[in-house]
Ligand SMILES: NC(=O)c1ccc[n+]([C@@H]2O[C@H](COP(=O)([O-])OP(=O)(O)OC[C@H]3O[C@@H](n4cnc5c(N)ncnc54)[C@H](OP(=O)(O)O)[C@@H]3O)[C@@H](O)[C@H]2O)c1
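The chain that follows stands alone, in the form predicted alone, written as structure tokens.
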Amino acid sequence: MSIEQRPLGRTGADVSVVGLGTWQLGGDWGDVSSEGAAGVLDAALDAGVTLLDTADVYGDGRSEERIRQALVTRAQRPFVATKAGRRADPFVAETYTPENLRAWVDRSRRNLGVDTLDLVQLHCPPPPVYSDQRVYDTLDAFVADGSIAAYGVSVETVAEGLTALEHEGVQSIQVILNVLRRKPLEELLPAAAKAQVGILARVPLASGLLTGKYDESTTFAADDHRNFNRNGEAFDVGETFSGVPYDVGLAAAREVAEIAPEGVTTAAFALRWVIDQPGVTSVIPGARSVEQVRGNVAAATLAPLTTDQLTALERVYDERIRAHVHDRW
């Protein structure tokens, strides 16, 4: 299957408009077996996905290792983006030293079985890191010595993304963007487009809220962040249900489902909205099953949303969501 490809910033690489996020293949989403992870990766690659997004802390490296194993027999290698920095202990700006960055990058190279990492993203570091020129100088040195081909950042806030754009070596920005988190559309995406910096849209289904499959009685496993991070106990609460209170999100998701055209799943409709946003390179939903992979990839084949649909989704955001998230991130 062929999926639309878009250039990722100035990296020279083209990637599919629907990628695969692999946090769930490492941990924090309940257990995913090795066989299940392999099936998800194979389904994505067979469907034409050419972008895999991972991180060194997903399952303490398990996600990266599972990707390496899945690619052993593949003649064509997809673009693999990883992240570094959340292994910092303590998790403070001062731990982002050249020595630590080198150790993290080399560990990911071993986990993924490559000499050169396609893309390393600073993994939502403490805010001062985004303006620390020494960090960017270190990453530039890694590009120069061939350890990495390119680098970018993953951010929690629009302000962090705008700060990162001040550094010309940054090739990509990963940010939460979905119909319930729209703030990046105002400044960040236009600024990134002007700088020819790629945008990778993460949490596009609001941790599953926008699949339309959850209700008030849904429960999540103890080792699923949708259970243990509801109030930001482990990391930024914006990563869980996009920071939207669960009951508020359920009501909004039901309205989104009503706006979606007949025969189109809520998830595919919500992903298509992200793909349509000017400046977006790729949307990177996770998937825990082959069926979810196929459903996500289907978004790439949908027609762009109509003006009426876009207006209706904006109304849902303004009436139900804006007050909870817009000024926070």
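From a predicted model like this one, the values you see are computed outputs, not experimental measurements. Here the rigid core means the biggest group of C-alpha atoms that line up within 1.5 Å when the two forms are laid on top of each other. For every residue, the number given is its place in the sequence shown, counted from 1.
Omitted here: the form predicted in complex with this ligand. The next part is about that form.
Here the chain stands by itself, but in the model of the complex one stretch of 131-139, 249-257, 103-111, 202-210, 202-210, has heavy atoms within 4.5 Å of this ligand. Contact annotation for R288: at least one heavy atom lies within 4.5 Å of this ligand in the model of the complex.
None of the heavy atoms of S16 is located within 4.5 Å of this ligand in the model of the complex. Proximity of Y214 to this ligand in the model of the complex falls within the 4.5 Å heavy atom cutoff. The shortest heavy atom separation between E239 and this ligand in the model of the complex is within 4.5 Å. Within 4.5 angstroms of this ligand in the model of the complex, the stretch 154-179 places a non-hydrogen atom from each of S154, Q174, taken in sequence order. With the core held fixed, the Cα of P90 is displaced between the shown form and the other one by 2 Å or more.
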